[in-house]
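A single chain comes next, written as structure tokens; it is the form predicted alone.
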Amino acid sequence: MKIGELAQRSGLTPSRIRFYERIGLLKAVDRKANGYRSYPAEAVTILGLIALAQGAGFSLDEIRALLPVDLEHWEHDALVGALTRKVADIETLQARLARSKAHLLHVIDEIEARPDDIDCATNARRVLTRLLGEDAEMPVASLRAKQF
């Protein structure tokens, strides 16, 4: 099939398909005498796998390492290992996001606990002092490096 049909069937742009071909993710592409690319039917499946893997957080390099030369010969141990590692990466990210969420909820609680008799600027200093302690007067660049 020509690239236009493959683009339509896969939902990807022709430039994206050419990119995947150029970096070695899409193989077995023939060239006709007129220079047009001709893609096998399994190219739709391969492009779907690439999109699925990217959606799961795999990099293009990781995908390239896992995709077999043809879809009939998967490296079972390598595939299961990569999937297991990606699950561990996701769990690590989830834990970090949970800590970030808890921190932000704490900041919201501190901001909303503003006493009625102080203005917003005073409340901001109060919150910063509670969150940062002595570091409340620290330059912004130093605060970015601080782990919360």
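The first residue of the sequence shown is number 1, and the count goes up from there. Here the structure is a predicted model, which means the values were calculated and not measured.
FYI, the form predicted in complex with the DNA isn't displayed, but the following is about it.
Stretch 26-34 is the contacting one of 99-107, 26-34, 81-89, 41-49, since its residues have non-hydrogen atoms within 4.5 Å of the DNA in the predicted complex.
Although the partner is absent here, Arg22 lies within 4.5 Å of the DNA in the predicted complex, judged by heavy atoms. Looking at Thr122, you'd find every heavy atom of it more than 4.5 angstroms from the DNA in the predicted complex. Contact check for Gln94: every heavy atom lies farther than 4.5 Å from the DNA in the predicted complex. In the predicted complex, the DNA sits beyond 4.5 Å of every heavy atom of Thr129.
Residues of 1-33 that come within 4.5 Å of the DNA in the predicted complex, judged by any heavy atom, are Lys2, Ile3, Gly4, Glu5, Thr13, Ser15, Arg16, Arg18, Phe19, Tyr20, Arg22, Arg31 in sequence order.
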